[in-house]
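Single chain ahead, written as structure tokens, the form predicted alone.
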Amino acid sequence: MAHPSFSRIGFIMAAAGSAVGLGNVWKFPYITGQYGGGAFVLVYLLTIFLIGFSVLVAEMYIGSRGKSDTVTSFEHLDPTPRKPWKYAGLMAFNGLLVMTFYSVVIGWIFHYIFLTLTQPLPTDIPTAQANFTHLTTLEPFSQLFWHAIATLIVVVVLYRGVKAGIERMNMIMMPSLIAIFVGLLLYSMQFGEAFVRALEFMFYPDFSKLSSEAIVKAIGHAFFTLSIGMGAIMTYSAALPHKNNITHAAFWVAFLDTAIALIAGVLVFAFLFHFDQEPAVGPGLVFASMPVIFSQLGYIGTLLALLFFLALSFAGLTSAVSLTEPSVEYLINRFGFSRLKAVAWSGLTYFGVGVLVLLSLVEGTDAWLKIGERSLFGFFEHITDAILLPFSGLLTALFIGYILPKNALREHLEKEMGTKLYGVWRFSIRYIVPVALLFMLLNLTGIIVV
């Protein structure tokens, strides 16, 4: 990545902005509801600690030492003669694949912000579900408009570069997002019994509801929500200030990401339980259930709904920028593109495919835009979340654990971590991470079924 570099706090905000995305607020609550609550959350937290943090440090190390795009960073550090590990850096394009459906969801959020400002909130679940279904299946032009707005914002921020674009956006949006969610959490505490029930649902594990599918989903979601395996953290780390402590940075990124996910889960379930709604309502939770809940609080509910969707849009946009930046840097460094050309190419690519993705949900075109039994939307979400991101994480772990010279790695990271923590991290990256991710990938392919 070209200079200028991030400031220290700017990097943490940008990396946290990359990690804290729609996965924390849109996805985490509904999959937690679907997979039984506390047991799923426990697996998720263990995954973050034992796998996510380890790979996060590994990606930051590669980026900070390689000082370039993901492919070039792997190439610079690869000690083997033919540099085959540079191909692991093609994870830079995982982010573009995620953006094909991620930008569509950001568009839905913009649509709901507009509706909150211009129309009364729906007062019952059937109406809210019908509104959401109508948007996704019968309003392609509305979706296209908001998808284009989301793309335009991402493109403008990326074109402005590291300091004036990415860092400035995250320094504004991330504190705002945190403030909004902490405020909503404090508001939800007044629900008393419902708030306590939300805490129990989130943190009291019922292992009878824990399946191999839930374990795989928790591991995959940890990768998705931490932006691991997309090249985002690695690319941002190439712009780290010199002598920055990447272990501390990784800790704060993982902490902020996990804290926001848990806060979002608790407050969403507190609202749901207070108004006697079911937690396992699926992907439409924040678009169907939450507006109805807010409507029952009168004028304050409209304000809370607006704040909720604004926070959701901030989470989406900060991650969207980080998902696109790796391909931008790759095109600049490997093909000599100007920043404008690289940003335009990346944005137009995911925007164009995203049009097909949103049409894969629309009546009349959905039958033509499927892969197997899945819509393009469902296919891209599945292949990135469950396959490409963990596979890229596996390659990163193998490269750090078995290919890089051990002495150089120890010299840099042991000073930051201390001997004991470094030993735990080293064991995790060499054994726990590869075994867990290999199990996950074999389970998904049906080779191992538990």
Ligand code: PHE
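No experiment lies behind these values; they were computed from the predicted model shown. All residue numbers are counted from 1 along the displayed sequence.
In what follows, reference is made to the form predicted in complex with ligand PHE, a form of this protein that is not presented.
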In the predicted complex, the one of F269, F377, W108, Y102 near ligand PHE [non-hydrogen atom within 4.5 angstroms]:
Y102
Please pick, from S327, S237, S319, S289, the one residue with any non-hydrogen atom lying within 4.5 angstroms of ligand PHE in the predicted complex.
S319
Tell me, yes or no, whether F224 is in contact with ligand PHE in the predicted complex, where a contact means a heavy atom of each within 4.5 Å.
yes
Heavy atom of I429 within 4.5 Å of ligand PHE in the predicted complex:
no
Heavy atom of L323 within 4.5 Å of ligand PHE in the predicted complex
yes
Evaluate A19 for contact with ligand PHE in the predicted complex, applying a 4.5 angstroms cut-off between non-hydrogen atoms, and reply yes or no.
yes
Assert contact_stretch over 229 to 237, 173 to 181, 357 to 365, 134 to 142 against ligand PHE in the predicted complex, heavy atom within 4.5 Å, equals 229 to 237
Can you list, in sequence order, the residues from 22 to 44 that come within 4.5 Å of ligand PHE in the predicted complex, counting heavy atoms only?
L22, G23, N24
